[in-house]
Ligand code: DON
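First comes one chain, alone, set out as structure tokens in the form predicted alone.
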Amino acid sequence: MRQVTGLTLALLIVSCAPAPAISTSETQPPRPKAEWTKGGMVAAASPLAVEAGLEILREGGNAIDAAIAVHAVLGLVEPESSGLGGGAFLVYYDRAKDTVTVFDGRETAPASATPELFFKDGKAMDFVTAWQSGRSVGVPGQIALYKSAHDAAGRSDWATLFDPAIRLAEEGFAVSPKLAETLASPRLRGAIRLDENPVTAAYFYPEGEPLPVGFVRKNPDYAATLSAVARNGPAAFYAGPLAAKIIAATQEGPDGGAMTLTDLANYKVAIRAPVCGTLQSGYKICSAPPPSSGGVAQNMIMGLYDYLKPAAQTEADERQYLKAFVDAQRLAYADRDHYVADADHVTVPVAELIDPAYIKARALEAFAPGAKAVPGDPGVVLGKAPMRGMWGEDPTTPGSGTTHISIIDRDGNAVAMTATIEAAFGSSRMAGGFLLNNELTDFSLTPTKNGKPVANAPGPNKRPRSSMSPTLVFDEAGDLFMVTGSPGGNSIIAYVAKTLIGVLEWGKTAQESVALANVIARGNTIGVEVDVPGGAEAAAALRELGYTVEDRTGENSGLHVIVVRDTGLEGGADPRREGVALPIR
């Protein structure tokens, strides 16, 4: 791998000869391991949360234990992004067993949900109305995920994992600039009910004003919730007085939801195999399966890029590397939008979408800059029955109330966990000191398109499609090489792919890859982050190539990356947020 220098665009990649893009694999082959000598690291969106994780690691806990402690703190200090009232995908690498396991704690629709969940007076609600309704609240999976992962692989005593967050909730934490800025945003306040709901208004807008930077905010209700969970496990959350409060907050107006105590009691974490693909360079990319988009989209983008990039690197071809990244995204996003949904409820052709033969054929379908992005048909390419006609095309637009945690522990185990409440501050409904998600608006509000069902339509006990892409990368020898992921709504896919290409092929460091300008190519307009180095040049180059470009500022990526180097662990935290990546000291 060579270090690329002298970039005038946001994206430039070192070349290698085209070859079959990826091969599929869901498990790591067992093999002997050398002693792990790289140490450990935690990367997350708040220094307070990172310190909580490091505290657990220093006391002998592993990556699973640290992830629980980190996220419990994030739910307190970064409530706009995730929390106990949401859900997550956790991808775990057990180095001794040489296995990768996905814990799917995605929220679910109530058992009574129908495809017309968001219909009112015979027509689909507008997005903002649905966004803030009780109908948007899915059964939270976060606490159940904590316990499922801990039972499977945790090392520390369960109750101790919540001590850092309980202390902060009881003693108070200083409101960060990001939280204060988000609360004060006139645009956001005009769209959500956070300052109208009496419970959330009292907490976030005391005396009618948003919490200012540095204000010490205590949350005794949050401390009580975590203390109960520490003592009694998930039963303290999914049954009893707290469960009743969750249901009451969900069912209250406007447009109350139909979640019941039975829905809460019946929630189950799904333990799944990852979706893995091996690039022609030898790197293996493993991420979460549907309803997450990670395994499909990340492998498609990287595989497609291998075919679309120029065969040789020259200064004259700089724009073509950028073009290849954009075209790979457009192709992959179109397929993801059409096919990916909850595979427990609908057919999702995962293996076909990342089949090397389909990737090669799909690359030949790269859209002209002015052409409409449309899904491909892996069934036709692979000599099977046509697949595209199974579903109507889906216009779902997910929100961005999400966070990502990357951890490697002292034994070389790793966690990539992306957690969410969907939109900023979720549904603006609060119970037990935490916000409830509005995750069900990640379903398609309109369940049919051109007379055909949409794969991602609502349904009973169904999990909405997610853009979350918690990702692990292994090198050609099968050793852990990289942990990455990001918040950011449907742009998550582009953000994470940027770090994969940046590190794996451009020779960038973890921090350099996170800081690169974001280029998001979902659909017919290419969003380019122009207020960071390289962004304006990338936008201009794409316009010269004929693309419709939207100049963007204030991108909300929150990438946290750890790369395993010969000399130790290298961390990267997104400068667009407040996170840090710190080693164990």
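One rule holds for the numbers: they count along the sequence shown, beginning at 1. None of these values were measured; they are calculated from a predicted model.
From this point on, the text means the form predicted in complex with the named molecule, which you will not see here.
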Considering 467, 427, 108, 484, which brings a non-hydrogen atom within 4.5 Å of the named molecule in the model of the complex?
467
Heavy atom within 4.5 Å of the named molecule in the model of the complex, from candidates 86, 295, 401, 303, belongs to 401
Look at the stretches 238-246, 270-278, 486-494, 145-153 and give the one with heavy atoms within 4.5 Å of the named molecule in the model of the complex.
486-494
The named molecule contact in the model of the complex: residue 420, any heavy atom under 4.5 Å:
yes
Residue 576 within 4.5 Å of the named molecule in the model of the complex, heavy atoms
no
Given a 4.5 Å distance limit between heavy atoms, list every residue of 442-464 close to the named molecule in the model of the complex, or none if there are none.
442
